[in-house]
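The chain below stands alone and is given as structure tokens, in the form predicted on its own.
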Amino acid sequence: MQKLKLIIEREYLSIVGRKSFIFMTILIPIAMVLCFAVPIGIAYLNDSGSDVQTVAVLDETGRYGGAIDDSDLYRFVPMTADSVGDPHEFYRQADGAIAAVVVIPADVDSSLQVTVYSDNTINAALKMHIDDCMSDTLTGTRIASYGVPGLQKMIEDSSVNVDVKGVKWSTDGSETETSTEIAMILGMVLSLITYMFVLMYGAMIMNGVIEEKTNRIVEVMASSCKPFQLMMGKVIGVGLVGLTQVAIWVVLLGILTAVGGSMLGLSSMGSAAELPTMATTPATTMPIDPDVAGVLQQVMNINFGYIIGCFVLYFIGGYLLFAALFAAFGSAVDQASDASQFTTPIMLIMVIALYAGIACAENPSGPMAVWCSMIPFTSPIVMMVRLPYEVPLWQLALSIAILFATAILTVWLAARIYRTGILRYGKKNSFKDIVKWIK
């Protein structure tokens, strides 16, 4: 145990002491925020940075010339057939002054078809805007043709949107408001974190094993301790680095939440149930919008202690399962370029688990979600999606038991591969050789 402790301490301090660890601890949360912010920013810049283009509208019916409203990107100019004549000749003479010519045919009421002419393929924004405007106009015309007074208003009044609010009953009969959207986002974030951590730290272990083997350092280390101690020390040390990183993020999130709550005037709040009252009563602190108060209440109703505890268990189990495989396969090769034949199946399994988690987000209690949360190679990711929806206790216990039993078996098999592979050089091993080492 003393030797194992020394190896764990060496692996842990050698990574935590690097500047890259501090950099990645800060960079990964920023990168996750950018994954959501960048597409929104790009869409905003794409719309705001574009010049307004002019589109000519040739109305052959004489009734729908002004049906297409101007947008942020396009200005529509109605024209008659006499002023335009041939659309192609009119477009050519404009010499770039107009982006396209929209022709509304005389039989548009029956054909329901509008043509847009341009030198280039029209973009989706223009097509969708014309489609929406003309569809609304022709729908109103068809409704008016029925001759029923006030029919248009009747239809508009009959179109309603229902706000579905989720309320959960507890064992004592009390009610707690929940949000499916927040639960889904939380589950997807946890599954992505698990996927990235297992992949990143598993690859780190494999590269470390290959480097030590290439430099012949492992021969000196193997003379002082057992190969199993060497492998487990590396796996546990790197795993503790991952847990340290998660702990730092949890602390930072708690600090940001406390600071944000004090800025919004929530520091004196006794419970989440007081948020709606605070949103409607005068206070000396910053006023809270009722919608924002509702979202904050739904977030505070989530049992984060339960979710974080389960996340740590599944992270440890999933990490041991995959990290042992990375360490074993790393010992079977002499250089990193030869490891792809062994790591490809692991990567494929992890990608399948991630896609299974995404698919199960819509139905976290369905048969697929239940079975995937029991399979040890997919449960660390799929169960993260299910946790915010409160998984039945027996399913959670059975899933954790299967995961850790499989992880222990995998560590035992990986140790048999590792103890033979770390001292073999000069030959490209195959899966057949690895099976022999296990036997």
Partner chain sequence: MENFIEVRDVVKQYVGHLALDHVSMNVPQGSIYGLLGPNGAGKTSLIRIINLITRADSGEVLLDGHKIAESDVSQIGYLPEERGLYKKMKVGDHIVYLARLKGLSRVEARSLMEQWLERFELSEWRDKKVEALSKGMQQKVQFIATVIHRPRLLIFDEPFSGFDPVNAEQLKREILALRDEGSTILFSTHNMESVEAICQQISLINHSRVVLQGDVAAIKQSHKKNIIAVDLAGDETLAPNDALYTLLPREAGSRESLIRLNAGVTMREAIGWLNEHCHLAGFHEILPSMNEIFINTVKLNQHAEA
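Positions refer to the first chain, counted from 1. No experiment lies behind these values; they were computed from the predicted model shown. Rigid core (definition): largest C-alpha set, two forms, superposition within 1.5 Å.
Omitted from view is the form predicted together with its partner chain, to which the following refers.
For the options Leu192, Ala339, Met221, Ile98, the residue carrying a heavy atom within 4.5 angstroms of its partner chain in the predicted bound form is Met221. Using a 4.5 angstroms threshold between heavy atoms, Asn215 counts as touching its partner chain in the predicted bound form. In the predicted bound form, Arg424 approaches its partner chain with a heavy atom inside 4.5 Å. Although the partner is absent here, Lys165 lies well away from its partner chain in the predicted bound form, with no heavy atom inside 4.5 Å. Within 4.5 Å of some heavy atom of its partner chain in the predicted bound form lies at least one heavy atom of Leu6. Contact annotation: its partner chain lies within 4.5 Å of heavy atoms from the stretch 207 to 215 in the predicted bound form, the single such stretch among 207 to 215, 309 to 317, 342 to 350, 359 to 367.
Shown in the overlay between the shown form and the other one, fitted on the rigid core, is a CA shift at Arg18 of 2 Å or greater.
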